[in-house]
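This document opens with one chain alone, in structure tokens, the form predicted on its own.
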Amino acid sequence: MAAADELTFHEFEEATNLLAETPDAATTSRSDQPTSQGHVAVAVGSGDSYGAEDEVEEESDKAALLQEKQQQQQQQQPGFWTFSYYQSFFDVDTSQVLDRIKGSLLPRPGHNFVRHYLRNRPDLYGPFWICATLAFVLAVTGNLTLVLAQRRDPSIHYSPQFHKVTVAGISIYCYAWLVPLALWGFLRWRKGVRERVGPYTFLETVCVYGYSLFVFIPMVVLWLIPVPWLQWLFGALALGLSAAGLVFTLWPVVREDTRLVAAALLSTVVLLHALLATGCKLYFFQSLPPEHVAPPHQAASLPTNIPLSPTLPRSMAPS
């Protein structure tokens, strides 16, 4: 019994010495041993000891990382040839579309359309239906203009021109996709030349151009007013609003480039927009030439009671 007490006292003395040498050490009592007597264990180390709580935290972190990785694999973006790939671009509600339309109609300096309205969530729903509506309205109003012109002037011959729907659709959709593609490619190329030039994504560029065309829809309807100077005035106002929205949106991207390149790029954007509006005005709202015009009166008709002298044939005339 005395030997056991001496052994216990010896272990306690060793533990006391270790604690004196390392004040930051932690002591744990292990009473789960098969022996009846408790022993004192000393954990020697620095202040950052790895206990059971750290191990539990590490295991929970690993489990969370594995779960997140599995979710990412399940939510992996599908290929561009699948329908679900394009479904995300049409995931937008009505309030967002109306807010973006309002932003395109009221451009303000220093108010970037991409940063304030798109917010890294470009959509194709708005641009698609805006282009479709503009093409349909162009074709319908172009035919209505000719119908109204025929009522004012019966000499104009009118027949329905259904080919204008095709021409309008091809023109609007090609402009809304090809011009942003060329602009995006040019800005990507300039980013390689000038590292500080950061272009928008291709979908953001298409979205900006699509919403910028909305102002032309009411302009086309107002072109039904048969007053040429008023039609050109409405066209200039719509062109100014639409081009201003494009310039205010592109300026933060091109301002880091040279002045010559920035001025040439913005001028080209405005010029192409002006060519679109002018082409729509001249092609869809041209007047048909008169087809049946009454010939002018050359001379006054003679009275019917004046007898006319008979004329003899030249072969019977006296020589």
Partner chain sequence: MAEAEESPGDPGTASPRPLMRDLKAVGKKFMHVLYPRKSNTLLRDWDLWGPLILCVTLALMLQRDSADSEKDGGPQFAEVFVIVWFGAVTITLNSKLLGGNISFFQSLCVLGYCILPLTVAMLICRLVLLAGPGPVNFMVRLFVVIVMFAWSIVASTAFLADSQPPNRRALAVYPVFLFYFVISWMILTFTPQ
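Positions refer to the first chain, counted from 1. All of these numbers come straight from a predicted model, not from anything done at the bench.
The protein also exists as the form predicted together with its partner chain; that form is not presented, and the subsequent description refers to it.
Looking at its partner chain in the predicted complex, residues Thr94, Trp129 and Ala132 each place a heavy atom within 4.5 Å of it. Of the candidate stretches 108-116, 94-102, 236-244, 174-182, only 94-102 has residues with heavy atoms within 4.5 Å of its partner chain in the predicted complex. Checking Leu203, Met219, Val140, Ile156 for any heavy atom within 4.5 Å of its partner chain in the predicted complex turns up a single hit: Val140.
Under a 4.5 angstroms non-hydrogen atom cutoff, its partner chain in the predicted complex lacks Trp189 among its neighbouring residues.
The closest non-hydrogen atom of His163 lies within 4.5 Å of its partner chain in the predicted complex. The closest non-hydrogen atom of Trp232 lies beyond 4.5 Å of its partner chain in the predicted complex. Its partner chain is not shown here, but in the predicted complex it comes within 4.5 Å of a heavy atom of Phe90.
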